[in-house]
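Okay, so here's just one chain, in structure tokens, the form predicted alone.
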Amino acid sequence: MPRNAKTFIRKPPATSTSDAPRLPHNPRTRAFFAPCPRGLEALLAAEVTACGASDVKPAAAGVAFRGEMEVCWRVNLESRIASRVLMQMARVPYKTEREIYDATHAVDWPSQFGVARSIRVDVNAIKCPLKSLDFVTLRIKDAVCDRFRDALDQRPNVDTREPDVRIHGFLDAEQFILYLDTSGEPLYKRGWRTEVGEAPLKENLAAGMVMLTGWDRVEPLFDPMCGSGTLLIEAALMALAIPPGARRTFGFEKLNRHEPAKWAAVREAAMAKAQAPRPLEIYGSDLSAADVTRARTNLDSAGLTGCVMLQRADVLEVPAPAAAGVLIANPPYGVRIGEATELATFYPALGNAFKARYTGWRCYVFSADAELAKLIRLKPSKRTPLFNGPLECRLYEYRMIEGSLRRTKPGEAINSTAPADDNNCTS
């Protein structure tokens, strides 16, 4: 959101930006907003830029941008971070529900999708002065249906479970923004998950966590508490340059103005960059044999059979699979899985395991409990704030460097794996 700032007026230089030639307006571009997990906005901005978007503006929990429909298609297909891609249909100031109805009714909905398509309306708000968001949702739905009735003497049906078309409204204290969802099902639903463990990560959050480690897609990567395999699968898809949306369909395919031939060309261009599955230096383990089986089933479902090495092992005992690499783990925290007393014992043991077995590794721990993270008893070199839904979390980075390898730079947190010398004295 723009911030208020003092404005200083000065005489423009002889050659100012106002004298520069203006690019012609492209009537084919539209305004879009792609929501994402909070904390991953910068990664998403880079993705949509790579897809050809213009006017890219990160915001809280998402990124606004402009582009033609081909850009929208690419973001849907190729973004690992976005939750949806929403196409803006209206943006107006408002004070009453009637103004929201009028703005929605003014949109030519019959030109966007057929009356036979079922619809769903969702509304979110921040500091909205209106009393009932349920009533606002109803007024938006009524306006869409009334526009169809006025034009065709028919109205679309509402389906809150599996709609063909999703419409989103957003209200802040003054503005009402209306969107048509081009994604359909959320983009973190990649289409491969068949087995779900306890409290699985959403795929786009998992992808963001892997990206935040700085993993280069070649060095070894290890998830020693892999659960149903979400982090492993997202990493393997990255390593093979497989688009995350390669195995699913999208909402824009049900819109009236969809161009299947152009979409097929966009999809084929993205798939041409994908590499054939092969064994990768990606490793996973879990103490639960059932979770290892779930992870293997999901890898097979994602077309990644044989790409990731899996084993049943205890994170506190399993040796490092390579001399150096990236370890990323999502251990239990709070009361989600284990009792507090068990976790209070587990976290110090996890820190000891890092020191004993992972010299030369960058280790990352995802946790919503800062007190438990302190029990690891290692100094994190980074603490990256992330949100798992409404839950505020941190991705902690621990660089496991043997004490004799190099000196610590000023301000840099390095965790030495050299044994302590208890005979040292100070005077």
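Just so you know, these numbers come straight off a predicted model, no measurement behind them. Residue indices: 1-based, along the sequence shown.
Unshown form predicted together with a small molecule; subsequent notes refer to it.
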Checklist line | the small molecule contact at S228 in the model of the complex, heavy atom, 4.5 Å | finding: yes
Checklist line | Interface membership of L133, the small molecule in the model of the complex, 4.5 Å heavy atom rule | finding: no
Notebook entry, point to check: With a 4.5 Å heavy atom cut-off, would you call P331 a contact of the small molecule in the model of the complex?
Noted result: yes
Check: With the partner left out of view, is S288 within 4.5 angstroms of the small molecule in the model of the complex by any non-hydrogen atom?
Finding: yes
Next item on the list: Tell me, out of V165, M89, A270, V315, which residue has a non-hydrogen atom within 4.5 angstroms of the small molecule in the model of the complex.
Entry: V315
Margin query: Going by heavy atom distances of 4.5 angstroms or less, which of P220, P110, P200, G251 would be at the interface with the small molecule in the model of the complex?
Written below: P200
Checklist line | the small molecule in the model of the complex: contacting segment from 220-228, 240-248, 259-267, 155-163, heavy atom within 4.5 Å | finding: 220-228
